[in-house]
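There is one chain below, alone, in structure tokens, taken in the form predicted alone.
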């Protein structure tokens, strides 16, 4: 479905994507993970023809992205994190407007609008203005707009950011429904439990490179083990590096986070006492951290903004 070979994207001297190789099979849901600034947004933008690239090859549906972009766009859809809708229009008016831009009409228009409303549970709200919708309902309308061409391939960029748990679960159920229909999904999120819940495969990107990819099941099996994440209030990376060097099973993620592995209650108590003695304040401890989160934290570094 998607094949990427030696993809390179640069902004001046900055290398945003460094010889990326990635494939996504038909009907799969790929979770694309990475810290801020890793290159996720850049990759999605390239796949949707929004920005160009310097080197490499991309084929989608067996067609080269360069040269067949319009044909690929007719069969795919990009649902961005930012809302792309008009507050002054009702739900049905928004759908008709964006369908018109894509020149969808007749029976296809009626069928696709009904499909978009049904999948996103928006039929009861179809005549309500978008401005009056909740955050979760607007997210669902955003997805509905992306379904107007009944795409075979969907890209989601942080679709559950800033919404309540009930709305988040509704969107995740919708994405699982797409898999049952044989659609292919590329899904970015910072919520590890979401990725574990809906994705078949995972690709972890950091500093513009794919540093780990494969089936979610295999990744979790390879990363079995107890772990906990300790979030801190005030510390420096240097101070934490010196602290962690004294204790087995303690790793520094960044200046505000430690990760531990295989520590029993007694060892954890000693570790917390040692942090207190060093005047390192603990914000919270997350026990039972998902294996995927532990793997992600151990592999990646932290950035400041997406590119």
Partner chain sequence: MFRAMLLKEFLLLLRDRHALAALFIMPSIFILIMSLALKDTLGSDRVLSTYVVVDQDNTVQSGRLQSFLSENSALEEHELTLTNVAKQQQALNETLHFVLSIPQGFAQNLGQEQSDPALLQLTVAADVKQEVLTFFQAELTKGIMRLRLEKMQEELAPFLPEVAQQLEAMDFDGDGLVTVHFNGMEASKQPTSTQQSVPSWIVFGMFFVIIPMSTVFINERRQNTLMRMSAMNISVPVLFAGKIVPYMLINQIQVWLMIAVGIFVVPLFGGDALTLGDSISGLFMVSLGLSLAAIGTSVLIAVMTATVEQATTIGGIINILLGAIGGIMVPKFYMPQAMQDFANVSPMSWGLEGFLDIFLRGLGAEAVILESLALAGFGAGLLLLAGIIFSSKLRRGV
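The model shown is predicted, which means the values in this text are computed figures rather than measured ones. Positions refer to the first chain, counted from 1.
Below, we refer to the form predicted together with its partner chain, which is not included among the displayed structures.
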item: In the predicted bound form, the one of 237, 179, 209, 74 near its partner chain [non-hydrogen atom within 4.5 angstroms]; value: 74
item: Contact assignment for its partner chain in the predicted bound form, among 112, 90, 213, 167, heavy atom within 4.5 Å; value: 90
item: Contact at 1, 6 and 63 by its partner chain in the predicted bound form, all three, heavy atom at most 4.5 Å; value: no
item: Partner-facing stretch of 168-176, 140-148, 193-201, 114-122, counted where any non-hydrogen atom is within 4.5 angstroms of its partner chain in the predicted bound form; value: 140-148
item: 4.5 Å heavy atom contact, residue 70 to its partner chain in the predicted bound form; value: yes
item: Residue 136: touches its partner chain in the predicted bound form, heavy atom cutoff 4.5 angstroms; value: no
item: Any non-hydrogen atom of residue 163 within 4.5 angstroms of its partner chain in the predicted bound form; value: no
item: Proximity of residue 287 to its partner chain in the predicted bound form, heavy atoms at 4.5 Å; value: no
item: Residues within stretch 154-177 having a non-hydrogen atom within 4.5 Å of its partner chain in the predicted bound form; value: none
